[in-house]
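Next up: just one chain, as structure tokens, the form predicted alone.
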């Protein structure tokens, strides 16, 4: 596993802490989240019972634009996109069909997309946003925490921003003041100030 800048699992039961460190490592690796998390602190106490995960998110990739998928050649009422990166081809086609209409988009082969229009195609087509990679990352991050939390910990609170996230779960009702206190404390252990 690629190392995080900071990764600790804290528990009153040392064997349980080591077990959860392995679980978190596997979950983060399986969902390819190691490259977007720089710091992670997990606290688990089965006696309370509570599971707390706080983390710092690395700078996420910016929007994927048409120019990131391939080169564009515009000929007044027609544009040809020569695909250089197929990774975002499906969202590119969906976005183009939404913008120009399904009938106006043709894909004669996997490396070419042709747009025809009854109006001149604007040069700024290269700057059109195809997708925002952060949307899926945030969803995957919360999914990873749900998956790693002990089974039965269905009462939860979660927060994700561009820089920070936390996930708190328990079998019991969570007192907001206690959750805030734990989250602030665990962020502080990583050297991160969090002010809810």
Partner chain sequence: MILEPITYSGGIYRHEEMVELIEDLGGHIIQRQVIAGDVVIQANVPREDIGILKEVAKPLLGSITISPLVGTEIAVVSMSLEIHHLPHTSCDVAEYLRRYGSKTNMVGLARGFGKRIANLNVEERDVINEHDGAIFLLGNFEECIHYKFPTLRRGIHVPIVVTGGPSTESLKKIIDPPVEGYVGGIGRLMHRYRRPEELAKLEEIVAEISRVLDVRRAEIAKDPLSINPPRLMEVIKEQVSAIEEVTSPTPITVQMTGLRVKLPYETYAGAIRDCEIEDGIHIGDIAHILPSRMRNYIIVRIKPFSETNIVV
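Residue numbers count along the first chain shown, from 1. Keep in mind that what you see is a predicted model, and the values were worked out from it rather than measured.
The same protein also has a form predicted together with its partner chain, omitted here; what follows describes it.
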**Asked** Looking at 54 to 62, 40 to 48, 123 to 131, 158 to 166, which one sits within 4.5 Å of its partner chain in the predicted bound form if you count heavy atoms only?
**Response** 40 to 48
**Request:** Spell out, yes or no, whether the shortest heavy atom distance between residue 154 and its partner chain in the predicted bound form is within 4.5 Å.
**Result:** yes
**Asked** Can residue 171 be called a contact residue for its partner chain in the predicted bound form at 4.5 Å between heavy atoms?
**Response** yes
**Message:** Even though the partner isn't displayed, in the predicted bound form is residue 149 close enough to its partner chain, meaning a heavy atom within 4.5 Å?
**Reply:** yes
**Request:** Report yes if any heavy atom of residue 27 sits within 4.5 Å of a heavy atom of its partner chain in the predicted bound form; otherwise report no.
**Result:** yes
**Message:** Within 4.5 Å of its partner chain in the predicted bound form, counting any non-hydrogen atom, which residues from 4 to 28 show up?
**Reply:** 11, 13, 15, 16, 17, 19, 20, 22, 23, 26, 27
